[in-house]
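First, one chain by itself: the form predicted on its own, in structure tokens.
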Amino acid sequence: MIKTDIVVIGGGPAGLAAALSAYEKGVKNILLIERDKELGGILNQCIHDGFGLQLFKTRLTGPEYAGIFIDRIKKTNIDIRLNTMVTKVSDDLTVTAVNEDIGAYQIQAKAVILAMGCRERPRGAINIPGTRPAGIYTAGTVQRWVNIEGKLPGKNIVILGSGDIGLIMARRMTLEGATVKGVYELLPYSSGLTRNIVQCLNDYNIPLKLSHTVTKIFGRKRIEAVEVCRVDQSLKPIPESREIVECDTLILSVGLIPENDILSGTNISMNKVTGGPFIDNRFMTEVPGIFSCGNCLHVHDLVDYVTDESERAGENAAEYVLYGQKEKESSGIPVLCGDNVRYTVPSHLSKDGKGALTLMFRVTKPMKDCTITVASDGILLLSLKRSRCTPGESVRITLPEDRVKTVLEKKTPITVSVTE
């Protein structure tokens, strides 16, 4: 069995940032495991720009953004294992991995950082009726084909779902000479960033049809058309609104699922809303020594936020290894979802928490002229004004250190609310 201080699972933006942060904090015996043949994760196929605006104050492509961290990590002695798949994580911090060189083997760590990212929701998860022809792909698959493999999957495109990757691929396919018939979104609002709606759809006159969905697929060997319907307030198709849209390709951008299957044998509790583990302000799960960050914790809309979050997770993992932890906490101070808040990360505050508290959350519906409040036991801890909030864009706020001390002294739950 291999022994190390920290195992980082995932070599994408979260894993890279977490490993570097832990290394710079003083833990030098770190093992970074990546299942692909190279580091960088999904960023390697994201050739569009717009990355790094928050962190580096400049517009970078995905490979450029990843390259900054890859170059930095190559200057360290962090042990990088490529083409290696982790199959299991145990409560005793044993990680089981497998690759073609060694076969199956185990690693005993003092801390584990989960940074596996997320996967796309496929057709089977949304149960579209009809035949099973070729020409139906997830947006990420099409992105890889076009940007890395140099293959064009089709010429007449329908996109179901308005997630960011789908919006970006609408523009990409248009630039490659394909015709995008439209982007159809089940909900009455887009699930993507506003800037992507403007830059990827509006700038190219690609229609976005809200409250619409694909209700049937036609074609035998190759998809030939889809049936599209408007939906009512209960999200049920309205039969008299149906229309047939001819296409040779259907691209699905219908949601992302955090990759956490390897945790099935642990005592880590999962948040059904985010699909990731419940964590405290140190990014530590219910199992001491196991930390989570990035898109396997909750799906982000900006990689800059992934990096910032993962750096903090790496720092906390390093502190855990270097200084240990006192007795396991029976429970922390809950962070609760108030009016119009779908989830919060973290879900609770450690009783020995220190410093300011950064909270990320998503609202349940689009709102304008919003007021964000954070309160505890009737005490208003924070109040902020925002011109708009939408479910497609995460909200990030910081509770100052003195307010955190107030919460720790009172030991009462924190409630985050958003009202118009």
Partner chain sequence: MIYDFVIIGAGVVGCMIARELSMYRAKICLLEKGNDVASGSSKANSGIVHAGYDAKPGTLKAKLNVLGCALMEKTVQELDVPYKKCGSIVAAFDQEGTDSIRKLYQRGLENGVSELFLLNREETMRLEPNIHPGVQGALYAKGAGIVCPYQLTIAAAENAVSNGAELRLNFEVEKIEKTEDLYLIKSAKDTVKARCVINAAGVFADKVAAMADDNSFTIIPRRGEYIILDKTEGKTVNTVIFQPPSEKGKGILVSPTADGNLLLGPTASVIEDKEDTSTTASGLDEVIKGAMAAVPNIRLNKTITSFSGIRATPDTGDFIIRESEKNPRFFHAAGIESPGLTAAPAIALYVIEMIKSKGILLEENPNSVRIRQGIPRIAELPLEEQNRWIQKNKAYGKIICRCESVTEGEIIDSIRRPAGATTVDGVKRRVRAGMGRCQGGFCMPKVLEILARELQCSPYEICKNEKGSYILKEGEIEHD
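In this text, all values refer to a predicted model and were calculated from it rather than measured experimentally. Residue numbers count along the first chain shown, from 1.
Not on display, but discussed next: the form predicted in complex with its partner chain.
S.K.: Please tell me which of 243, 71, 100, 92 lies within 4.5 Å of its partner chain in the predicted complex, judged by heavy atoms.
M.R.: Comparing distances to its partner chain in the predicted complex, the residue within 4.5 Å is 100.
S.K.: Only one of 202, 106, 179, 194 gets a heavy atom within 4.5 Å of its partner chain in the predicted complex. Which one?
M.R.: In short, 106.
S.K.: At 4.5 Å by heavy atoms, is each residue in 52, 81 and 280 next to its partner chain in the predicted complex?
M.R.: Spot residues vs its partner chain: no contact at all.
S.K.: Counting any heavy atom within 4.5 Å as contact, can you tell me which stretch out of 204 to 212, 218 to 226, 307 to 315, 284 to 292 lines its partner chain in the predicted complex?
M.R.: Going through the listed ranges, the match is 218 to 226.
S.K.: With the partner left out here, check for me: in the predicted complex, does some heavy atom of residue 119 sit within 4.5 Å of its partner chain?
M.R.: Result yes; residue 119 sits at the interface with its partner chain in the predicted complex.
S.K.: Indicate whether residue 127 is a 4.5 Å heavy atom neighbour of its partner chain in the predicted complex.
M.R.: Yes.
S.K.: Looking in the predicted complex, any heavy atom of residue 348 within 4.5 Å of its partner chain?
M.R.: No, residue 348 sits far enough from its partner chain in the predicted complex that none of its heavy atoms falls within 4.5 Å.
S.K.: Answer yes if any heavy atom of residue 137 is within 4.5 Å of a heavy atom of its partner chain in the predicted complex; otherwise answer no.
M.R.: Output for residue 137 is yes: heavy atoms within 4.5 Å of its partner chain.
S.K.: Does any residue in 144 to 168 get within 4.5 Å of its partner chain in the predicted complex, counting heavy atoms only, and if so which ones?
M.R.: Going through 144 to 168 in order - heavy atoms within 4.5 Å of its partner chain in the predicted complex - the hits are 144, 145, 146, 149, 150, 151, 152, 153, 154, 155.
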